[in-house]
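Below are two forms of the same protein chain, given as structure tokens: structure 1, then structure 2.
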Structure 1
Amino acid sequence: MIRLTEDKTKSWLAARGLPVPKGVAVNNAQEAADAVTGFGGAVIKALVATGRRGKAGAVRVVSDAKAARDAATAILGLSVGEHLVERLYVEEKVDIGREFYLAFSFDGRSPSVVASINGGVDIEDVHRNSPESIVHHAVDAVHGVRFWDALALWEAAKAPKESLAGLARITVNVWHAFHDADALTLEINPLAADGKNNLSLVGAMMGIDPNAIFRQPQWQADASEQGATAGRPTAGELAVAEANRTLPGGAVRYTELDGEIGMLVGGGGASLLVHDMILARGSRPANHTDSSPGPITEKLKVMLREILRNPNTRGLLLAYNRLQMARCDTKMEALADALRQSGVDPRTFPIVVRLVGPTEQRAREIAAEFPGIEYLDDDASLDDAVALIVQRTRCARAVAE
């Protein structure tokens, strides 16, 4: 999911006629001080694509330019979750009488909407303390959300009757904003009412479906900034992420771990099962991979190079589920390439290969050029392959120690 920062979410909502407080993204304390001059009171927030900023001390209310400068200086450089705060969002402070909660996302096969009259706090806390105040409706994707659906939603949520029509109108518009953005989540918290029942979308977070970027080019840049790997990526993970972006072929993902068996296993189901089986046999993988079985030779070369370069790796398992359409030889070529590049010698570094399917004969011929590679017979199971690499790696470690 592509998480958008607050400024981008709010400008999308404002462009669709939704009431959003005035705000501006700034880069430093001076800009923050300048920005609040036009506002009576202001809120300075870390501009990072994650929630829970308040709890991290990254949201402050200020009344003048000096306070804004101090707040900005305090927030810049903080870490919120895994995000370093490098920019800020300065927003006009609005009067808040009541706080509501509204969110769209997907639940199972259909879009869904969640509403509550207890906004302004984490919805998880509301769920824990007063679950009855949360109303959850499925949305029929053909029908969408109509005004009367939204009225029924807020009526079920026991919204005060003076706010009912306004909340319903906004809910319909937020649905359209969610749908038209190809969003996977859109959370409005709080959806605030002032003393005169004017509603305002004070907090807003949106996550976009990466599969829909082809028709949402405005977020292309946000998509490429967010790699597949969470947390702080290693050099190897960064290299594979880079290859994933720039080289042709289906998606590959690579995560380095603390174990000793390098695994290049596909497709997705087989990689899950093999990882389970390695743990069950008392060993641990040095990495996890996730790749489609299709033509991704160039990406595999990079991934194999990084697996062999990882100092934790003491052995390699190259295994796929029995291939149906995809080729064996290109995967073996990728391994041959990585071996030549790295100078790794399969006579001392155990390598077990289990590749069965189209062009298998050619793959076996390539493997034969590298003495030491153990290419399993046609009728070997994935269990057999795992058992062998675990045993061989254990021996290699014993020799090394």
Structure 2
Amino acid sequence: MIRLTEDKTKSWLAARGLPVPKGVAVNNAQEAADAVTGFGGAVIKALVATGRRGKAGAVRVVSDAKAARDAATAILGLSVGEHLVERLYVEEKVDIGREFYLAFSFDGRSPSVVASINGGVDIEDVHRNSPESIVHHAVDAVHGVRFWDALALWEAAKAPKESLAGLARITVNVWHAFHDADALTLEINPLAADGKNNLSLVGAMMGIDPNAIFRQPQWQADASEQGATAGRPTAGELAVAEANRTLPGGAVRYTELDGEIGMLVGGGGASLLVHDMILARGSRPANHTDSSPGPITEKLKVMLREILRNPNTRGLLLAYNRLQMARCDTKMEALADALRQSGVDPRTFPIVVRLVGPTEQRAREIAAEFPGIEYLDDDASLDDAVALIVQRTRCARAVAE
């Protein structure tokens, strides 16, 4: 999941007409002090893509520029979870009379909505101590959230009657923002009401589906920065993420591991199965890959090139379940291109191919142009392919040592 920082989330929400306090992202304490000048009161927040900032002391209310500078200095450099605070979000202070909670996410494959009249920084305590005050409804994937659906949600949450209509309208609009963003999560906490019952989205965090990032160009840079791993992405992961962002076709993902056998495997969970098969035979994968169906040849070229460039990789397994609509030759063309660019010699670097399906004969002809590639017979199983690449890789390592 691609987690957005609060400034980007709120910019998305504000563009859809939702009531978001004025705010600006800043880089240092002086910029924070300058930003506060235009506000009667302000809140200084750590600009990191995670929650629980208030509990970590990374959210502070200030009244003037000096207080803003001091608060910003104190927050910069803090660690919130695994995130180091390097930027800040300065937001106009909102009068809060009551705090609600609203969130959209997925339960398995279906969207759902959660609401509570007890929002704020203690929402986890509310969940533990008063679970009955948190209402959870499934969302109709076809019709989404309609006004009467939202009204029923907040009635079930026992929201004040004078707030029901406003909360329902906000909920419908937040649903559309969630849906249009291809989001996996969207949390509004708090959804605040002032003394006049005006509602405002004071806290907002959103996570985007990485498989849909090609439809959301405004966040593709975030996808590249976050890479495919939870930690700092490798150069290879960044290169594949950039190719996924800029080249046409379906989505691809590439994660480097600490093993020695490079893998480009696909077809109905086959990559996970082959991963386990390699481990069962006493070896370890050097990477994990995933790709969606569709024309992704150019992206495969980049992914194969990065697999071959990984200094830990001692061999390569290119194996798919029996292909039905996809072409075998396009995958071999991608491998051929990567071999030419990388200069890898299959006579010393073992490569095992198990591709069966349309244009297989052409794929075998391409493989024959590179002596050393072992293209298995049609009746060979994925386990046969794993056994062979593990054996060949061990032999190559022994020779090298």
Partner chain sequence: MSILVNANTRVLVQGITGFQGRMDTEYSLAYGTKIVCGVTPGRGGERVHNVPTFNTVRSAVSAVPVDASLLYVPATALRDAALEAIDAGIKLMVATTENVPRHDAALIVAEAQRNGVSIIGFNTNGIITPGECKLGGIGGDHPERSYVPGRIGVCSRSGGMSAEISWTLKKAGLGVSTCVSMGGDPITGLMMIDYLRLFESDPATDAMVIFGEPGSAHEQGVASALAAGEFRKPVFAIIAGAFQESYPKGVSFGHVAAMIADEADTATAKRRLLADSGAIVVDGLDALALAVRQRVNAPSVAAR
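For residue numbers, the reference is structure 1: its sequence is counted from 1. Bear in mind that the values here come from a model prediction, so they are computed numbers and not experimental data. Basically, rigid core = biggest C-alpha set you can superpose within 1.5 Å across the two forms.
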query: Pick one: which is the form predicted on its own?
result: 2
- prompt: Does Pro358 show a Cα shift reaching 2 Å between structure 1 and structure 2 after rigid-core superposition?
  reply: yes
task: Determine whether the C-alpha of Arg169 shifts by 2 Å or more between structure 1 and structure 2 once the rigid core is superposed.
output: no
Per-residue C-alpha change between structure 1 and structure 2, His137, threshold 2 Å, rigid core fit: no
query: Upon rigid core superposition, what is the positional shift of the Cα of Thr330 between structure 1 and structure 2, expressed in Å to one decimal?
result: 14.9
